[in-house]
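Coming up is one lone chain in structure tokens, specifically the form predicted on its own.
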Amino acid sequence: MSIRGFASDNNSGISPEVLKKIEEVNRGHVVGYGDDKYTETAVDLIKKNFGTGAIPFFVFTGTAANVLGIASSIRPFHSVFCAETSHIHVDECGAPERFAGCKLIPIETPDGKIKPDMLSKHMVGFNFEHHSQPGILSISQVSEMGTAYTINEIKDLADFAHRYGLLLHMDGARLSNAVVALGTGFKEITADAGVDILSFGGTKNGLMAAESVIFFREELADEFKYIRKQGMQLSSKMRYIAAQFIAFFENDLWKRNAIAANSMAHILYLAVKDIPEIKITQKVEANGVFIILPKHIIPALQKEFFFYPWNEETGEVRWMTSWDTTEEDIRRFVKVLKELVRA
């Protein structure tokens, strides 16, 4: 059995309920490209959770959900504001710039969360042909620093964006973790809070290659089916993506998985917070722990339980827990950590 590390919730396996549902739909012939009863059921479940006005489209990857969702709603002369730590800025290999043609403007934040006062100085150049035109504000929920936007924080950002004619896009790769952390619902934290476009994923929470773009304004969705096709994200065997979302929402699998991941991060935080040789750098609100370690122990600890560095200059690292992380994983990890820092 392979050792569960703390590198990424992408590294975890697939929930057994998801595999079972995929097997259930793997019978006979079904019309392709989403014109089937399973896709219809998955769409209905998304509308039940996000509101009847939600218009979802299924894709394979989170990068595709972000890039195509953004590209569908702006022109190449627009700019997209995002946190400097955001996935679209740091971890998507320039895909937004290449496929949307837009300019990304990163905003420096101490905790991964953008606030309206950080944006004010950038609201310039409107109708000036020498200046890229502000088009979208993109936020991540949960942020890349493991912090969660409250409903009021999202509403404030939506009001700010809409006041200047911008759309609000949300990268919801870990949205389920945020919903659990805040004790809210999907609709309250997206549609009701003013989000226009949502990249909603399940890959980090027990699914396999199942992501979606959800529009909350009908006019934004009008031509997306063509953009998805040109973006090479239209699945011929859509039922297998749909099946995963059915399993995700049936019996609240999304919630059970997110509770498990968040709980393990909190347990990990409690187990290490009083070790004097280390420093927690961010609030532990979802399933990520950010921590500064003595640099000399990092390679040895990574060898036992792999994880990624966050800031190699300072010795800050990121530990991610997953839906299948166990308390025994944490006990073994913390034991090795304590041995190394006290050696």
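No experiment lies behind these values; they were computed from the predicted model shown. Numbers follow the displayed sequence, beginning with 1.
Keep in mind that the form predicted together with another copy of the chain is missing from the display, and what follows is about it.
Contact annotation: another copy of the chain lies within 4.5 Å of heavy atoms from the stretch 124 to 132 in the predicted bound form, the single such stretch among 266 to 274, 186 to 194, 124 to 132, 156 to 164. Remark: Val67 counts among the residues lining another copy of the chain in the predicted bound form, judged by a heavy atom distance of 4.5 Å or less. Taking the partner from elsewhere, Ile330 is found to have every heavy atom lying beyond 4.5 Å of another copy of the chain in the predicted bound form. Another copy of the chain is not shown here, and in the predicted bound form it never comes within 4.5 Å of any heavy atom of Glu40. Remark: Thr61 counts among the residues lining another copy of the chain in the predicted bound form, judged by a heavy atom distance of 4.5 Å or less. Distance criterion of 4.5 Å from any heavy atom to another copy of the chain in the predicted bound form singles out Ala71 from the list Ala71, Leu253, Ile136, Ala260. Taking another copy of the chain as it sits in the predicted bound form, the stretch 233 to 254 comes within 4.5 angstroms of it through a non-hydrogen atom at Gln233, Leu234, Ser236, Lys237, Arg239, Tyr240.
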